[in-house]
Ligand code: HEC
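The chain below stands alone, shown as structure tokens; this is the form predicted on its own.
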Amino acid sequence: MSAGIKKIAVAIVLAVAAWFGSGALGFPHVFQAMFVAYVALGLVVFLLLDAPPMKRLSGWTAVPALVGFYLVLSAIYIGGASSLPQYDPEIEKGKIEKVLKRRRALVMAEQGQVDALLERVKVLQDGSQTVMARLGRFAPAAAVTEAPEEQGALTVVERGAEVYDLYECYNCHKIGGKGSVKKRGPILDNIGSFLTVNDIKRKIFDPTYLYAEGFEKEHKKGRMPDKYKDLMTEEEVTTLATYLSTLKDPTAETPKPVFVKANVEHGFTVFGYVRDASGRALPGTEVHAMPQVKGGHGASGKTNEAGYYEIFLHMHNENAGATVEVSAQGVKKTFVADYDPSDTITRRQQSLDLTVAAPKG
């Protein structure tokens, strides 16, 4: 076997080892490809060392060879760079600025609240007879909004979609056909049919809480980062979870969740949104759920600002297959609580949205 063939064989072995070894250590595919490219580059260098010397070029005949050499190198560098993920620094800076802007505004709001409280203390010290009048004067100054003024321009769901983009969740997930082209995380187009807002929030802060069917390997490798509990504010995780809970496309290939840290055998949860005919969320709407079984216990809940409700029902193994009626403002819907009493990994819950008439006035 010639020296060149031996070097090629060694390079192939090293390339395979680099690919599978880096994959086993959890490196992204782009780094795996980079390690293999380094092996290939080393092979080229060692093969060139054994190559016969080139004919010496001089004078004008050397110019085309030199230009061609630089063109080849340039093509290699440009082609290699273009194959890597491309990021626009200005876009990334804009995302960071959006996150920091909101947090600065919250800090300023808290500082303003402290200043306002100090001012009110001074007023109280002026005398008991003028306390009520002075408080009336300074009350407007003491009122501090919990969120920056610009948030009023976005609905909770719109804000959640913005958070999804700011934290670049699309690097691992796909919504509406847009997002990761590699199997890092599940498609999310129908996640709202499987998970409540609280389940989604807990999954974001604790990735080990549950995993999607077919993603056991990714779950064991810890592909979903656990950094968000340190990076995201309560407002951000709540609006993000609210946005994701509105995604209910039954035609999407969103896998069902497998709960690791939850007692799935206790009770039954009904959750969803109440909207008017135009699709506008109706906050503060009373929703009632009632199992249609003898001795069944109903429960009620009110929708939040996004029109979302969540009701926990006391249903047991013997209630499997029972019909449940959900109603709001005279509108009623029913569904069958079809769960397997022997199933210990699938949460017993049902997503159900209601369309009711908008309140008058």
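Quick note: we count residues from 1 along the sequence shown, nothing fancier. Predicted, not measured: the structure shown is a model, and the values here were computed from it.
In what follows, reference is made to the form predicted together with the ligand, a form of this protein that is not presented.
Stretch 165-173 is the answer when you ask which of 272-280, 69-77, 165-173, 285-293 has residues with heavy atoms within 4.5 Å of the ligand in the predicted bound form.
Not displayed here, the ligand is approached by residue 219 to within 4.5 Å at the level of heavy atoms in the predicted bound form. Put simply, residue 203 is close to the ligand in the predicted bound form: some heavy atom of it is within 4.5 Å.
Within this chain, residue 246 is remote from the site of the ligand in the predicted bound form, having no heavy atom within 4.5 Å. The closest heavy atom approach of residue 106 to the ligand in the predicted bound form falls outside 4.5 Å. Looking at the ligand in the predicted bound form, residues 267, 312 and 350 place no heavy atom within 4.5 Å of it. With contact defined as any non-hydrogen atom lying within 4.5 angstroms of the ligand in the predicted bound form, the contacting residues in 207-230 are 207, 210, 211, 212, 215, 218, 219, 223, 224, 225, 228, given in sequence order.
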